[in-house]
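Below, in structure tokens: the form predicted alone, a single chain.
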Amino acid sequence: MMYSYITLDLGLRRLSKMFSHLILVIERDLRLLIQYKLFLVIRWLWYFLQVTIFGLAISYLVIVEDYLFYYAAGIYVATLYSTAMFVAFDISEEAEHGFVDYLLSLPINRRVLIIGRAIGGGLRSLIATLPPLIFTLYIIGVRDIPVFIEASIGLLLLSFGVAGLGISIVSFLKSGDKTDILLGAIDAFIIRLSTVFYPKAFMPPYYSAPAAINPLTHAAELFRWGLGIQTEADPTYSLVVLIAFMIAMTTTGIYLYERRMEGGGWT
């Protein structure tokens, strides 16, 4: 009986220590947000110009009802995606300055470190895109608060999943230049092969098939559903897809980070 109590106490202490380390990693990632003031301003300007100029102009040319609202919600999801992916550039830059080796020398479990970075990167992207989100809610409005809260969970899942994807890519390549090129290529395809800009019903079959499994499609459709905009996707199914995407990308990030850091460092 005494042995069981000791084992339980040690287990609880270990969990408490891991949780405190996780909070420290998340807190550090959130603090990094201050360093990217110019990047954030450019992102916000890009969003506002896309909606108020391009989106408004296109809405007069297409036959989709309330296309401006449809487009604004999709552009916000694209902005969230690109901001969450920035964690990959953080890790790449830290590696170039030798900071990754310092992090690996700390008494923090690598899994805790990478999970904290994925969570921190996801939360940071949501905070960083608050002005575009507020503007989106202002022009569209929220009809049902509980429905919107459920849809917002999808945005959180997308942020965590994209951060995990970025960590996976940079951990696998271990090169800032290669990461930059590959992320640019992925960005070009994953955003345009989704319903961020246009409904799936207007896509040719060779576009609509990839769009159907694209996490950005499900995040955009879930977000539109939360705002009361007509969508083509089942909200429950979209939520399941985003949960699977988040788990898969975080797990992959943990696996690649641990395998690629087996030598104890980045190089």
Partner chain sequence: MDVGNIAIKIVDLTKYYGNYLAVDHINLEVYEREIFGFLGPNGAGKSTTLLMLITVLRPSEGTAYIYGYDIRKDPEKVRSLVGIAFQDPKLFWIHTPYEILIWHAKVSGYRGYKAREVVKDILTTFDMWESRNKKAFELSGGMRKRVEVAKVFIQKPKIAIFDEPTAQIDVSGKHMIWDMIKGLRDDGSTVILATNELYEADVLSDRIGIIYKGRIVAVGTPKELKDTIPGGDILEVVYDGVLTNGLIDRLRGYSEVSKVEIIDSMIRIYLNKVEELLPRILEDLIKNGVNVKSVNMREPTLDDVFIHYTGSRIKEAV
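Positions refer to the first chain, counted from 1. Just so we're clear, the structure is a prediction, and the values are computed from it rather than from any experiment.
Another form, the form predicted together with the partner chain, is not on view; read the next lines as being about it.
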- Item | Heavy atom within 4.5 Å of the partner chain in the predicted bound form - the one residue of L32, M203, V64, A212 that qualifies | L32
- in the predicted bound form, T251 touching the partner chain (heavy atom, 4.5 Å): no
- Query: Is E94 close enough to the partner chain in the predicted bound form to count, meaning some heavy atom within 4.5 Å?
  - Reply: yes
- Task: Please check if I243 has a heavy atom lying within 4.5 Å of any heavy atom of the partner chain in the predicted bound form.
- Result: no
- Message: Against the partner chain in the predicted bound form, would L106 count as a contact residue? Criterion: heavy atoms within 4.5 Å.
- Response: yes
- Message: If the criterion is a non-hydrogen atom within 4.5 angstroms, does every one of S20, E27 and D101 touch the partner chain in the predicted bound form?
- Response: yes
- So which stretch, 158-166, 129-137, 109-117, 178-186, is the one near the partner chain in the predicted bound form (non-hydrogen atoms, 4.5 Å)? 109-117
